[in-house]
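Here's a solo chain for you in structure tokens, the form predicted alone.
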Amino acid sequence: MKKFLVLLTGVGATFALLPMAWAAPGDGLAGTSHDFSGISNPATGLCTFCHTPHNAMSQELLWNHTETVTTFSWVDPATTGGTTYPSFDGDTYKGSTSKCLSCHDGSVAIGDIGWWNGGVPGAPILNSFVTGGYQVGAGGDMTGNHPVTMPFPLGGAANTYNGVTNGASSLISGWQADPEALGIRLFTDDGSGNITAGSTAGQTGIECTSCHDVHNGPNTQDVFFLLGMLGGNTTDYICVKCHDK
């Protein structure tokens, strides 16, 4: 597979090379924009920027990348259909969205990983940022971005997630009753802040990874790791996998 190279830049004018390309949707992680393998000496592996088998920063997912400490919120609008957009803290929230934003909010170096190849990485990788990376929630402002960490009205009923319940004025009929049947990933909040994959009646919500498969797995259908298509008017179209329009 051919790979294209762009520069990583960071503190102290350090440089490294990063493979950037787009493998075909569904073809796996290698060759995608989430493939950081081989960018330093000694070379990192395909998984190491996010996970490590030993000495991980967090037992959850054996997470290996420093998490953002930003608090995220939506400013305009604060509610839709009576459902409040909740805030969440990047370093304490247990949903997958906090993992995504630990790279994509721009506050933490892509190479700020804790452990690999028997030690802590050196400055050329630790201080590196990807130039031109897609940024979401800079400074904690999620305004203009699709809501996440939000309840989804699974089964045509109100659900509670991340401390928020679908508002009484929400048009429940405007959502698909079962997005999982259409390939969307839903999540369960047990009410104590523990969030796990899969839906549970009354406790279901959405995260960034509801629509994006960061590993470009077999259910990925389009660019941006989407679990649906960028265009169209059937239920292959990413928007109508959740919204019944």
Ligand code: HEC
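Residue positions are given as counts along the sequence shown, with the first one as 1. Predicted, not measured: the structure shown is a model, and the values here were computed from it.
Although not depicted, the form predicted in complex with ligand HEC is the subject of the following passage.
Does the 4.5 Å heavy atom contact test between Pro147 and ligand HEC in the model of the complex come out positive? The answer is yes: Pro147 has a heavy atom within 4.5 Å of ligand HEC.
Contact test in the model of the complex: Thr209 vs ligand HEC, heavy atoms, 4.5 Å: Output for Thr209 is yes: heavy atoms within 4.5 Å of ligand HEC.
Does the 4.5 Å heavy atom contact test between Tyr85 and ligand HEC in the model of the complex come out positive? Heavy-atom contact with ligand HEC at 4.5 Å: present for Tyr85.
Would you check, heavy atoms only and a 4.5 Å threshold, whether Ile39 touches ligand HEC in the model of the complex? Because no heavy atom of Ile39 falls inside 4.5 Å of ligand HEC in the model of the complex, the answer is no.
Between 177-201 and ligand HEC in the model of the complex, list the residues on our side with a heavy atom within 4.5 Å. Stretch hits, in order: Ile184, Arg185.
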